[in-house]
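Single chain ahead, written as structure tokens, the form predicted on its own.
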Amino acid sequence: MSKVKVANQIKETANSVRNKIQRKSKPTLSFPLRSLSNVTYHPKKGFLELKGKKKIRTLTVATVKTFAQTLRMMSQAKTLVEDDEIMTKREAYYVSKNWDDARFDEQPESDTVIDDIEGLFEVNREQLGFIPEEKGGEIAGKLIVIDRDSDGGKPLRIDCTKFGSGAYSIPSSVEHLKFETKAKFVLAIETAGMFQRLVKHNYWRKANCILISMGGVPTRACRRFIRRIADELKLPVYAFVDCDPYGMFNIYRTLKVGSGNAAHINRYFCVPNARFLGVTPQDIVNYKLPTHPLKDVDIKRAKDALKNDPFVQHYKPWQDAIKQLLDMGVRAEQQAFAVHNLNYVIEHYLPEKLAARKTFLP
């Protein structure tokens, strides 16, 4: 959605609230209910999509503060869009300290209101001018990123093979970037440690690929970056994460199909063609990996996925993998392959897995 359309939508909504107040009727705002209970999964679309349930916020004595905060944040977003400016979520929290009784006491409160406004207009918060504090992720390997000079706007060609022992950092906004590559696939990696090992040994050259460090749950910028590479360069994306429910669902599922909380914008940020390279429960057996017992939170997360996750419910291979993990009662980390030797992942695991791509979990 263009900046002009975003600004116009904000103005139209604000005018509607004002008109209702002038007619002495209670104004309302309607937000999508953001949870797994209100999403469905369509494989052809490739992402978790809202079913349509809404939560209605009506201006009453009990809601007057939240209602006022929402309107003030909408006004802030309109200013950011019209001025082509940005604001971190932390800055948005501090700006509210000028709002007298409408100010936020803690940042989670302002974050929630920003998320509500994002859902209200069905745009991502970056389109509203709000950016995250954290960076998007790191890139190494056979990719040319074409950015632009911040002063003159001239194209800047950034070769991700030329960072030595370092890596290119994904910016908070990636829509203006262009790409060139001769790589065969993208390997999205959960941990910075594993990413650094692969970079140190130039695995990207050996495998002719692009390495991306997700650093845990990938940020929106990281997911959007991967999505654009996948779509525009027609590259397959393989996820390499820990073998635990967190890696499988908070990280991989979020990368592939999105989340319930962000269902209103999943279509922009998910990577539908992503596949799960590993680590799988069967890898624990096949590679005789050292493990740790599943924690109570792991067991709960796994059972919740079986019961409530539309993505898991659609794919029997994922149901089988979760049940196998629960039966085993253990979890394993990417670094567990070091039990064999430090570069076992490079010399054996990844080549063997990539040779059997048809067996990857969906």
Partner chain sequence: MAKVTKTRAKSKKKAPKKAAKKTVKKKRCVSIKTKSKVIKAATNAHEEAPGKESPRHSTAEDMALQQREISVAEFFTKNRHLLGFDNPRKALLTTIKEGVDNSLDACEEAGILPDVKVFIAPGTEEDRFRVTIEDNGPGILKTQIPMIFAKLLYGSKFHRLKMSRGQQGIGISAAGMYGQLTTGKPISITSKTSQNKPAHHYELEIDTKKNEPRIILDETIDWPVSRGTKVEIELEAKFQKGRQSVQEYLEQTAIANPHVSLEFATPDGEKQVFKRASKQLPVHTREIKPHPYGVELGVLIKMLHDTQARTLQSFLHSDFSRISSRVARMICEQAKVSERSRPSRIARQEADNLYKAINQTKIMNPQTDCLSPIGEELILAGLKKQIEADLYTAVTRPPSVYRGNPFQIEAGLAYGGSLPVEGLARVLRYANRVPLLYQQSACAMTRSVLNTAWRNYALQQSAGALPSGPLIIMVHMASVWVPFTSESKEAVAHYPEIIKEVRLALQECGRRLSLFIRRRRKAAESERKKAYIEQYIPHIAIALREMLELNERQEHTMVRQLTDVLQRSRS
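Positions refer to the first chain, counted from 1. Keep in mind it's a predicted model, so treat the numbers as computed, not measured.
What follows is about the form predicted in complex with its partner chain, which we do not show.
Partner contact region in the model of the complex: 94 to 102, out of 94 to 102, 145 to 153, 175 to 183, 201 to 209, criterion any non-hydrogen atom within 4.5 Å of its partner chain.
For the chain shown alone, Arg220 is not a contact residue for its partner chain in the model of the complex, no non-hydrogen atom being within 4.5 angstroms.
Not displayed here, its partner chain is kept clear of Ser30 by more than 4.5 Å at the level of heavy atoms in the model of the complex. At a distance threshold of 4.5 angstroms between non-hydrogen atoms, Arg72 is in contact with its partner chain in the model of the complex. Taking non-hydrogen atoms only, Leu59 approaches its partner chain to within 4.5 angstroms in the model of the complex. The candidate spot formed by Val64, Phe67 and Lys78 is fully in contact with its partner chain in the model of the complex: every one of the three has a heavy atom within 4.5 Å.
Screening Lys307, Lys316, Lys26, Lys51 for any heavy atom within 4.5 Å of its partner chain in the model of the complex leaves a single hit, Lys26. In sequence order, Ile10, Lys11, Ala14, Asn15, Val17, Arg18, Ile21, Gln22, Lys24, Ser25, Lys26 are the residues of 7 to 32 having a heavy atom within 4.5 Å of its partner chain in the model of the complex; the partner itself is omitted from this view.
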